[in-house]
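Given as structure tokens, the chain that follows is alone and in the form predicted alone.
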Amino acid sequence: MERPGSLKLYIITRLLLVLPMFLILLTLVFLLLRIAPGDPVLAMLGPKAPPERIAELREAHGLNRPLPVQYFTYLAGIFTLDLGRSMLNDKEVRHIIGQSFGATLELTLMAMIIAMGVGILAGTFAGRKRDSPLDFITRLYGILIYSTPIFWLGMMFQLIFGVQLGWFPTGGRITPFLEPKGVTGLYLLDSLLTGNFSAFLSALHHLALPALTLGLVISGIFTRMVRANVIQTMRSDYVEAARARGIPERFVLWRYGFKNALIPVVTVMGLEWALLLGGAVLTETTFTWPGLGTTLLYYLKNRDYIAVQGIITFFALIVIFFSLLVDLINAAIDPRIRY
């Protein structure tokens, strides 16, 4: 029997908690879409559609069944990786997700790299130079950038760097006819795997502004958190002991203060994925980025009940996965995190 507070017991408990969290999220997705005003079938076909066509579409997608039957059919489909078929074009929703998710994943990964790079560096130097002009500018940056609407910042970048300076394209994912051979769905990785360096440069060129927009907004959280953690860590006893041994201040900062200040940041990373995916919807719309966020808005406008339900469910699963992954990583590097 595992002793209380062991890492293995924590991992087992955390894995067991995934199932109820998963079921709660799926239930909320199902109920929220059902209580939304309006009839999706009538909204898609129009009020003048023949009653036979309306009844046929309801039956084809199970919308004429009682709600409990629809709910358990929905759950059974999730566990068998069947997210249904689109009411608009009869495509399987999992194939729709597969076609668009690569673009969203590439955008969010690059945005996370930018957010962590900018946020961690800015927060570290601000915490080290507390109450200095650099600290004041960094704190102001963290507040302003996080409160800035993503779509507004994206349009400003388009106007300045795309229209006026002409440095970057204002939309799209790659120059037409330069698409690399599909391997992973990530253009940057696929172009390197296939040796298509023209495609790599074009994809990176198109990715710069959307990733910078999303990454800078999210960096505000990391900046403020790292700054506060560095200030707290540099006051701790083990840091004072290191200083008393005559260790140079720069080594004290990076070897003792910086690493320990990052532990809470790892915890927050799981929540940041939810913000990144939410921000990706607005970023993709602003830059006409052909990702899952743009696809979701397309099916929302067309009131495609089944496609919207499947895409939102997929987003929920991603958030659960990254939350679990970050919790396990955090428990492995910080022995204080146990049940």
Partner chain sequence: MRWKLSYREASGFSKAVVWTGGGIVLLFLLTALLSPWLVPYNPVDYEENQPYTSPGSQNWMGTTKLGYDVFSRLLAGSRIAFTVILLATSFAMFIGLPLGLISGYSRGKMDRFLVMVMDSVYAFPSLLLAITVAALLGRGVVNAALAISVVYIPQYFRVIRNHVLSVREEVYVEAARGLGASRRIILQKYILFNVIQSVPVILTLNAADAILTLAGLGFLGYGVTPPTPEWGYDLSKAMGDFASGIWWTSFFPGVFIVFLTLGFSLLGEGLNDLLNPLLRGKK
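What you see is a predicted model; the values in this text were computed from it and never measured. Positions refer to the first chain, counted from 1.
Not on display, but discussed next: the form predicted together with the partner chain.
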- prompt: How about Arg224: is it within 4.5 Å of the partner chain in the model of the complex, going by heavy atoms?
  reply: yes
message: Please determine whether Gln70 contacts the partner chain in the model of the complex, using a 4.5 Å cut-off between heavy atoms.
response: no
- prompt: For Ile24, is any heavy atom within 4.5 Å of the partner chain in the model of the complex, or not?
  reply: yes
message: Even though the partner isn't displayed, in the model of the complex is Leu42 close enough to the partner chain, meaning a heavy atom within 4.5 Å?
response: no
statement: From Ile113, Leu144, Val268, Ala76: within 4.5 Å of the partner chain in the model of the complex by heavy atoms is Leu144
- request: Taking 4.5 Å between heavy atoms as the contact cutoff, choose which of Leu159, Ile247, Leu193, Ile137 touches the partner chain in the model of the complex.
  value: Leu159
message: At 4.5 Å between heavy atoms, only one of the stretches 148-156, 194-202, 80-88, 113-121 reaches the partner chain in the model of the complex; which one is it?
response: 148-156
Contact set, 161-196 vs the partner chain in the model of the complex - heavy atom within 4.5 angstroms: Val163
